[in-house]
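Next up: just one chain, as structure tokens, the form predicted on its own.
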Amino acid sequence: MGKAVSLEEFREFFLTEVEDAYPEVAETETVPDRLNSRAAEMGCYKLTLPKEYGGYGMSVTDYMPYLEAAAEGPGIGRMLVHTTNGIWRPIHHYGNAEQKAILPLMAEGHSVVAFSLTEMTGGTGRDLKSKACREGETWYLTGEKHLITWADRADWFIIVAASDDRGAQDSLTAFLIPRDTPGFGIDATQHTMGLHGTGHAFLTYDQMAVPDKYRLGEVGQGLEVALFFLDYSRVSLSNSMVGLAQRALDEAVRFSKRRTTFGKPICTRAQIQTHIATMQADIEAARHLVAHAALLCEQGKDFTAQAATAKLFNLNMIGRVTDLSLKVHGGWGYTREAPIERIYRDARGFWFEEGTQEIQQLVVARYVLDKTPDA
């Protein structure tokens, strides 16, 4: 099993090997086999996975610096780390023995699970339009999903569908189905502005027969299964935003020291220093918000509102930081030769992962209204 590499070795992998592989990733829109193998060798897929499955069993707070380091590199790197170190959780908590047998394979990079919730025709939660109708020991699934990460290479998919028409809290059921299920359509041509190589795809299924043994959790537990992943994932994504924002700041500082105007580096200009200070303050505040939510998660406490708060703040934070970094870079930052160009595009993916800004606002507002006594 071994132990995790040092944090500095981990960061170096993403800032060198993953960076070097990025042109190929951007051109082919896939993860090269050698990069997947190297990521597995570096322990990327087993950081938080329990030791019983061959993982390192890191606590959430011990893991956060590793994910932040991964997020400093190209988006594909942090996605490899973020998704794998989160998706095992609902399988471990709700899965049967056969389903849990997938987890050691994930640890070694031999199996990939895609979380399939988002739909084109409906919202999330109780607004899902995918249907699951049961006949004996077989379920028949009809519907679609889109923007499903790693769908191009996943061999298993967690799909959440409505198992009755009541639209209630317990109206959804989750399934963990294999890629080769007859009638399962996977169209991996959904290319995005950034996050190249992450294999987003449309999924379609019409009366697709799924044996009951592939159900994940109990009937009606689908929303619970989804939230079990989503709450943690929002902390993980918020932490990723800190890492990418730190990279944007680092690039701005390096550029400001080498770019000269009127005989002086632009880092000596008051306006540039103002931008740098603003970025630093934003990142520090964001890092502490993530640490608070991560600690609550680790302690087994309710952290739904804190996870949404961190994501809400960090969405705005990374928007501000990447905007300011681009301003510091000037026109050169708008060229593809400048790292900030890719960083800027990758950052915009956070706007939609695990709920938009508006969704986070709803979660936070409900929390505040519920905990505040009436006048």
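Heads up: residue numbers just count along the shown sequence, starting at 1. It should be emphasised that the depicted structure is a prediction, and the values quoted were computed from it without experimental measurement.
Below, we turn to the form predicted in complex with a small molecule, even though it does not appear here.
Query raised in the report: Using a 4.5 Å cut on heavy atoms, which of D231, D152, E119, E72 is close to the small molecule in the predicted complex?
Result: By the 4.5 Å criterion, the partner-contacting residue is E119.
Requested in this report: Would you mind picking the one in P339, G43, G349, G319 that has a heavy atom within 4.5 Å of the small molecule in the predicted complex?
Outcome: After the contact test, the surviving option is G349.
Report task. Name the stretch: of 194-202, 207-215, 271-279, 101-109, exactly one has residues whose heavy atoms fall within 4.5 Å of the small molecule in the predicted complex. Result -> Flagged stretch: 194-202.
Query raised in the report: Does the 4.5 Å heavy atom contact test between E358 and the small molecule in the predicted complex come out positive?
Result: Judged by the heavy-atom cut-off of 4.5 Å, E358 is in contact with the small molecule in the predicted complex.
Query raised in the report: Quick one: is I177 in contact with the small molecule in the predicted complex, heavy atoms, 4.5 Å cut-off?
Result: The answer is no: I177 has no heavy atom within 4.5 Å of the small molecule.
**Report entry** L296, heavy atom within 4.5 angstroms of the small molecule in the predicted complex
**Finding:** No, no contact at 4.5 Å.
Requested in this report: Please check if L147 has a heavy atom lying within 4.5 Å of any heavy atom of the small molecule in the predicted complex.
Outcome: It does: once the small molecule is placed as it appears in the predicted complex, L147 has a heavy atom within 4.5 Å of it.
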